[in-house]
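Given next, in structure tokens, is a single chain: the form predicted on its own.
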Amino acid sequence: MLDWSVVPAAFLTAAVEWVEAFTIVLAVSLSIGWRAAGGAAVAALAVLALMTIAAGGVLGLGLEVRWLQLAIGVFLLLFGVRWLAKAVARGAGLKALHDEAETFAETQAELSRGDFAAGWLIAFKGVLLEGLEVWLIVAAFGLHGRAWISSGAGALAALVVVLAAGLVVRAPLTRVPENAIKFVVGVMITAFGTYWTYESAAGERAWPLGDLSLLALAAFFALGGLGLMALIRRPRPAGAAT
């Protein structure tokens, strides 16, 4: 049975990374063709799949070690805070919004100086690096609470959705509200990280409300982020990306 407290976080986190990976593969495909670029992407996904299988083997050991839970919680907390901070900075106008069209143009410019092998490696590296962040989140969720299937399903579903959307439009997915998604993901992952870090330190009774405490934590971080965004907001220059 899927753990629906994990699936949305894994799906949203993976979706952002897969959008960026697809943009790179699309740019490469215009230089070396869809078959070669797709082959590079599949090769990178195969590496990630092997890493996932290897990490999943840890579950078979039946380990319930508090230090491992603490490490997972701290990792998620740091990862979530980084995403949340960037989303707040972008939302407040202190940092430029991420532009998939710009990433697409930069990749094409890099390809213009290379050859077929360079293009293949760019696609492979792009999918591998973006997918590595997905893998880290999947592994973190999977190694805690035995939610491996749930976190993997969320990431896989995101890959299917992004790939389907990308193949339909055959263009950079510039309309995806990436900063809004990153804000939500940052809130969710920071809440999970806080929950698991304190639980590993204080024991199972650390949160009297149990899993419902996650909702309170998410609300706290969301309201805090939105409040901070409003407090430090700066007007965007005319014509800035939205």
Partner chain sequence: MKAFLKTLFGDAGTVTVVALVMMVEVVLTASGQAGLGVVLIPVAVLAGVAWLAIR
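What we label the rigid core is the largest C-alpha set whose atoms superpose within 1.5 Å from one form to the other. Residue numbers count along the first chain shown, from 1. Remember, predicted model here, so these are calculated numbers, not experimental data.
Omitted here: the form predicted in complex with the partner chain. The next part is about that form.
In the model of the complex, every residue of the candidate spot (V81, L132 and A201) has a heavy atom lying within 4.5 Å of the partner chain. Out of the listed residues A85, I149, L159, A165, A85 is the one that sits within 4.5 Å of the partner chain in the model of the complex by at least one heavy atom.
Interface residue among V169, L94, L121, A109 relative to the partner chain in the model of the complex, by the heavy atom within 4.5 Å criterion: L94.
Within 4.5 Å of some heavy atom of the partner chain in the model of the complex lies at least one heavy atom of W207. By the criterion of a heavy atom within 4.5 Å, L70 is counted among the residues contacting the partner chain in the model of the complex. Mapping the unseen interface onto this chain, S31 falls outside it, with no heavy atom inside 4.5 Å of the partner chain in the model of the complex. The partner chain is not shown here, and in the model of the complex it never comes within 4.5 Å of any heavy atom of N179. Counting a residue when any of its non-hydrogen atoms is within 4.5 Å of the partner chain in the model of the complex, the hits in 218 to 233 run F220, F221, G224, G225, L228, I232. In the core-superposed comparison between the shown form and the other one, G33 has its Cα shifted by less than 2 Å. Remark: with the core as the superposition reference, the CA shift of L212 between the shown form and the other one reaches 2 Å or more.
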